[in-house]
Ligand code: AMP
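Given as structure tokens, the chain that follows is alone and in the form predicted alone.
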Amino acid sequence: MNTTGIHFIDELALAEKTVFIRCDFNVPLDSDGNITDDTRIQAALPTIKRAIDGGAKVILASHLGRPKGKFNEKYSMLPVGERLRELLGYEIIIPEDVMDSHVDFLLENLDPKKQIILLENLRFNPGEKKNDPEFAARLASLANVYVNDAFGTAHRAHASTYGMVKHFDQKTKVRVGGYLIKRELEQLGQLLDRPERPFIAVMGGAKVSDKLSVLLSLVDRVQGLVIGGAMAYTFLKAKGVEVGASRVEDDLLDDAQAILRRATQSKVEVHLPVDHVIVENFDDEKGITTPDEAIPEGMMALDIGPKTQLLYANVLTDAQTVFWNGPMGVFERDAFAAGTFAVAQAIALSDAKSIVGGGDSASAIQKAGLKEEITHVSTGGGASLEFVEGRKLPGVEALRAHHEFDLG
């Protein structure tokens, strides 16, 4: 999966155009509605600035949270609009309902040198997730240039990422990708096309079920597979190791065994924890370290132990390509964050091309202050996994050109 057949915003003359940019402003908010991490907003700025510097009228659109198809003040785009105003120095106009004709009036009278329209949360309308044709057509009616710069939602066939795109037929209405999505495709594409070897995949997180397909795909392409997080205990149990009360997906033990067998057949070494930080109750504030891989009855593991940290760091030292998705433990709690940060540090210190697949792994890199040491930190957790698995992403495929068009 590459950029073949996709045009990008830097190819267009934008003066006097109206540009609809699908961004990913799904940012974390605290209980008071304040943005706690504006990484996704910052990542969208180059594409937004290209549009406003090119003289276009700009409409930005995104979802935020899970409002379930109806208005919920908790998920309003107002905090995003305020942050954009601070970053861009533009007035950010947020109309209440994109289906209202008042939006057309605002757009007609928009000053492209001073003002930007930011649509209210797309998921306030049930038509967004349902890919409703009427909602998609309404969104498409607002602009003559469509830009998808929301890689984090590219694996969803929603109205703003898929349905509306067909209205931009590359004749009078043009569809292109933004800078962020271009970089994602180029960087992640190297994992599919030409990864330098040894290629090591580091997979963590809570569930094997969330990553079964990508594990099955990677086990035939990597030279080493490092597994941590709660998903490791399913694999350890599949090997006959005592895991105590640790989280295990018993219905996936056969699948875990199948992955281990395929790894053996492909001569891929699978690295699992050799010690753990364990507790009696999940809410315990401090854990103890086991001497080996076995976990006593009634105890549960919440992080990898120091021996495992060293083992994993040694594996990563010689890697030339690393893909990491998922923490090694309950890293949001300081007492169980050491394993995740040790892996982050090892990846940062290696000479490998390193790609972090969004989500909690990206948060860990940010929290550890190591983002500048990583080749690429993806903005899309689920999208990056599906991409690396080799699946086609609807939001990307919708951009591929079927007709030539006038770039002027």
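On a predicted model such as this, the values are computed, not experimentally measured, just so you know. For every residue, the number given is its place in the sequence shown, counted from 1.
Keep in mind the form predicted together with ligand AMP is missing from the figure; the text below concerns it.
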item: Candidate stretches 92 to 100, 259 to 267, 150 to 158, 224 to 232 - the one whose heavy atoms come within 4.5 Å of ligand AMP in the model of the complex; value: 224 to 232
item: Three-residue site Gly205, Lys211 and Pro327 fully in contact with ligand AMP in the model of the complex at 4.5 Å by heavy atom; value: yes
item: In the model of the complex, Arg247 touching ligand AMP (heavy atom, 4.5 Å); value: yes
item: Close approach of Ala201 to ligand AMP in the model of the complex, 4.5 Å, heavy atom; value: no
item: 4.5 Å heavy atom contact, Leu191 and ligand AMP in the model of the complex; value: no
item: Heavy atom of Phe282 within 4.5 Å of ligand AMP in the model of the complex; value: yes
item: In the model of the complex, the residue from Leu119, Leu180, Leu302, Val315 that sits within 4.5 Å of ligand AMP by heavy atoms; value: Leu302
item: Sole residue of Asp111, Asp251, Glu242, Glu332 within 4.5 Å of ligand AMP in the model of the complex, by heavy atom; value: Glu332
item: Heavy atom within 4.5 Å of ligand AMP in the model of the complex - qualifying residues of 55 to 83; value: none
